[in-house]
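Below you will find one chain, with nothing else, as structure tokens; this is the form predicted on its own, and questions on how it binds or moves follow later.
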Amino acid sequence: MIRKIGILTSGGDSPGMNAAVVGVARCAAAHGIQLMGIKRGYNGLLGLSEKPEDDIAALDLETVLDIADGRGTFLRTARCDEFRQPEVQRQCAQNLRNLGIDALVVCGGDGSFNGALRLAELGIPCIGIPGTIDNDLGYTERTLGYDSAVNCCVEAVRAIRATSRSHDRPAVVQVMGRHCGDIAMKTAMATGAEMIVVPEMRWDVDKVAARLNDLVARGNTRATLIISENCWDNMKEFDWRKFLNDNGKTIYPHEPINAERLASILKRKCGGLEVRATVLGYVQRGVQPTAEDSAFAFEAANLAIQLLNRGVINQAIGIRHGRVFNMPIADALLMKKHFDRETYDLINSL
């Protein structure tokens, strides 16, 4: 029987993680299960803090009920490079047994799920809730925090487009997503942005400039280019440092390409247009969760406790056809992410 479980949030924080913790706490309490909060991801399993309660502490409803709509993660989060070592994984599994913890709920992305899989292989029952704004897990239609991040970006881009229209200035807006362009795609679709580049697709600076020049020629002097972080990895070879240095902007050899420098390139390739760049950054992670994410967190938490009570373990929870479902973590990690090439091409052609 499951009498005590642990929960941790790991990797990058995402809106809705707190709602997931509260959902697990409520559903666990309804079944007489004690919940232990493990702090700072897998680091909390290593007992690195001077005080034990700074690593793992009991979570009762009085402690967590008011955090459901809070930003960030109440349990904190951190990456744990030591956990990659098999001997550390074994020690963490033993620490859980020593604490009498019967199972673990892990809220995080693919790295966090891989950690859960390692513990599962060592005999610790695990359930994974996909907490990441990137939406980069192939087995689920949506990850926890993605909808909140997209809504944050949409609000920001709408504001940027308003001032772009006022000043007849094109804009480059960089959003997050790691190596997945879903946030950029959904933001572009929702805001009417005219251009997009993402890590999944090979792209050419000259073609982007030509597209912008064409838009301007048709009277659109305030077009928006949405770029996803790490899109540079798939940029067609272009000596951008030489181009900028030759055109009056000093760039040193060690300096990397970024949104501001892309805006400078487009300015010089598009007849001196005042192209401005904005990097939205961590505001996407730190927003309040949307209703969609909060509801997903609740449903995922309820399913997690149901699975553990039925002895269905080592499962990843996701969304399929709009409803929560579960599948083995190992299988979930093998599923490839589908990229919507048709919509990408449409955005860049209208």
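Numbering starts at 1 and runs along the sequence shown. Computed from a predicted structure; not experimentally measured.
Just so it is clear, the following notes concern the form predicted together with a small molecule, a form of the same protein that is not shown.
Chemist: Choose one stretch from 256-264, 173-181, 139-147, 238-246: the one whose residues place a heavy atom within 4.5 angstroms of the small molecule in the model of the complex.
Modeler: Careful reading of the contacts points to 173-181.
Chemist: Closest heavy atom of Glu229 to the small molecule in the model of the complex, within 4.5 Å or not?
Modeler: Although the small molecule is absent here, Glu229 would touch it in the model of the complex, with heavy atoms inside 4.5 Å.
Chemist: Arg79 versus the small molecule, in the model of the complex: is there a non-hydrogen atom within 4.5 Å?
Modeler: Close contact exists here: in the model of the complex, Arg79 approaches the small molecule to within 4.5 Å, heavy atoms only.
Chemist: Is Thr132 close enough to the small molecule in the model of the complex to count, meaning some heavy atom within 4.5 Å?
Modeler: Contact with the small molecule, yes.
Chemist: Please check if Lys39 has a heavy atom lying within 4.5 Å of any heavy atom of the small molecule in the model of the complex.
Modeler: Heavy-atom contact with the small molecule at 4.5 Å: absent for Lys39.
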